[in-house]
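As structure tokens, one chain now follows by itself in the form predicted alone.
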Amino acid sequence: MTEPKQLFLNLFEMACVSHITHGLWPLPENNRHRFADLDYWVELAQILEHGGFDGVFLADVIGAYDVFRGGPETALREGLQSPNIDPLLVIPAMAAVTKRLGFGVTFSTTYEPPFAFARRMSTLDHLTKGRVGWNVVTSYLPNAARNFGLDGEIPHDLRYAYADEYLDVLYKLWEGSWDDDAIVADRERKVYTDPAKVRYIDHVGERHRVAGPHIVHPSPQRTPVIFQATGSPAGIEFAGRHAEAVFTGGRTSEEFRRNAATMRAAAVRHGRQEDDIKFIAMAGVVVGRTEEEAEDKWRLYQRNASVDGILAHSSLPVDLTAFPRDIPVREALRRADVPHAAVPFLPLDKTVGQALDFVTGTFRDRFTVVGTPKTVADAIERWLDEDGLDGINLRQYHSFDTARDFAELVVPELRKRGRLPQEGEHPGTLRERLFGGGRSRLPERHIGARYRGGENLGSPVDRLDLVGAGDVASF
């Protein structure tokens, strides 16, 4: 009999007050305001560790949301991802009080040099004993570009081409610069590292020149698990080449399966296997001991959701709240002198009220479920078995109630069905939890593995041909 497919369970987090569920931070006993307190992260880590979660996924941005209403004022009032502390720095504290919890952390390839980042991630992989992953982003906020000395954003597809070289440098450092047995720690001969087993990488590319060698010895995973969130043509091609887990979604089962199939095909084009990429969707789960209790929570969250926060997060170049709800979106855009091309996701023939309801999420899509533990577990099993989903990023409506509710009510039901590991099981590294025991390192068919043992370090970089594929925004 085939074993049931297990769920990879992540909590979606960000080191700020208002991450993605805007307007909810003032709710009673919500701890979002404690985001800059180390005790918050320690307490959260313990809840997740003992509650059966596989990981916590830490989002990040390096700029302010200042498109909506022409400035950052709305975002600042809402606490929308600002203030926002560095997510890499909270991981060691969380790792210190856990043994199996994994950590996915976001970092951009566009503005900071790769050598220093390679060192930070190797350090985290050592300190967590191989429980860290990296969410590769290229940064999409115009303010982020200005923060690093540019007049405006680098074009979308060009950012991905730059990212491809960035990862090439990192693979050379992580995989090729040191041999596994370079550390000898010979007390008798007073030799710590065998110099013959450490090498320069001498990378010379279009954007980066990095001599090496890597300044950190090989960590448990060497290369952290590579996460990515994407939907654009350039991003999909990049994921096919690099990503091990992709955050994607879809409002319907068919849309999700179509997205996943596109990325699997991209992986095969780059010499990998279809199952070399796992798929994780953001999921809204509101659970109660009764259906009525769950629905009451859902109504509370919807009633307190901030329209301003959601619109500012969308970087909407038109303020729909300034127009009557009964006029068509087409007319509102005409009055605001904003072309539809600037907001292609807005339905022109819907009313402003309908569009606001759509944008602010007063609906339940494929990956939203409200109900009892049985109702929730049934939905998750459909996501796993019918859609082909591998994991979820649990959207937080309340900290820490969202995580506690899931841990106390849903996890026991999923364990009973064989969908989560039993309490006390330790999978080892983050990559082993995703792909199975014994797979702590990148597989040989992954492009990053070609530098092992110092091979190919001097070869010309095999670039992804992304520029000109279409400047499609990916959020």
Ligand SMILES: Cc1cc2nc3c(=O)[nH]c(=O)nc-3n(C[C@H](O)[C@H](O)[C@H](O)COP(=O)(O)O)c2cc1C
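The first residue of the sequence shown is number 1, and the count goes up from there. Everything numeric here is computed off the predicted structure, so don't read it as measured data.
One more form of this protein should be noted, the form predicted together with the named molecule, which is absent from this view; the next part is about it.
Only one of 169 to 177, 137 to 145, 373 to 381, 91 to 99 gets a heavy atom within 4.5 Å of the named molecule in the predicted bound form; which is it? Result of the contact check: 137 to 145.
Could you check which residue among F400, Y301, F256, F247 gets a heavy atom within 4.5 Å of the named molecule in the predicted bound form? It is F247.
Using a 4.5 Å heavy atom cut-off, which residue among S232, Q396, S219, T110 comes into contact with the named molecule in the predicted bound form? Filtering the options by heavy-atom distance leaves S232.
I'd like to check something about F103: if you look in the predicted bound form, is any of its heavy atoms closer than or equal to 4.5 Å to a heavy atom of the named molecule? Taking the distances in the predicted bound form, the answer for F103 is no, it never comes within 4.5 Å of the named molecule.
Taking the shortest heavy atom distance, is W25 within 4.5 Å of the named molecule in the predicted bound form? W25: no, not in contact with the named molecule in the predicted bound form.
Is there a heavy atom of Y451 lying 4.5 Å or less from a heavy atom of the named molecule in the predicted bound form? No.
Evaluate R199 for contact with the named molecule in the predicted bound form, applying a 4.5 angstroms cut-off between non-hydrogen atoms, and reply yes or no. R199: no contact with the named molecule in the predicted bound form.
Residues in 26 to 60 close to the named molecule in the predicted bound form, defined by a heavy atom within 4.5 Å, in order: Contacts from 26 to 60: A59, D60.
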